[in-house]
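Have a look below at one chain only, the form predicted on its own, in structure tokens format.
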């Protein structure tokens, strides 16, 4: 009989990188162009069945990107996390430059190294890109993660990134 897992996934990244839009695309397969600031945290749930029949319930946590909020809520937000999705916006280089601070915050709370994926979001805006796939891969390799270029708008590589992370977490649990 296939096993069932319940996993806590935390999204991190600067304001307006597309964390909420990525979650909406993954959970509901919808996209909204309007920017809505996340206030506090929001938890969404999605069930996956992996290729081997394993059932996974992902509890996806979305957090407000402001640094002051990150410091205030970091203990409760990251507590019990099984994996991290680190989101950057390829049209704003500073969102990639801020990633070491996010990873440092996570590591200050979580004792172990968590499986992570690094997303270069807004791939549909590649004409406005300030960095690309190579820089995302380098960042991911620094933290032993995997990189994806995603677009919450088109859905490109969104399901693939979440599914990869779930599979990686379960692989490490076995």
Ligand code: G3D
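Numbering follows the first chain given and starts at 1. Remember, predicted model here, so these are calculated numbers, not experimental data.
Beyond what is shown, the protein has a form predicted together with this ligand; the following relates to that form.
Contact stretch among 116-124, 102-110, 44-52, 130-138 - heavy atom within 4.5 Å of this ligand in the predicted bound form: Contact criterion met by 116-124 only.
Although this ligand is absent from this view, report whether residue 17 comes within 4.5 Å of it in the predicted bound form, heavy atoms only. Result yes; residue 17 sits at the interface with this ligand in the predicted bound form.
In the predicted bound form, residue 157 touching this ligand (heavy atom, 4.5 Å): Close contact is absent here: in the predicted bound form, residue 157 is far from this ligand, nothing within 4.5 Å, heavy atoms only.
Please check if residue 9 has a heavy atom lying within 4.5 Å of any heavy atom of this ligand in the predicted bound form. Answer no; every heavy atom of residue 9 is more than 4.5 Å from this ligand in the predicted bound form.
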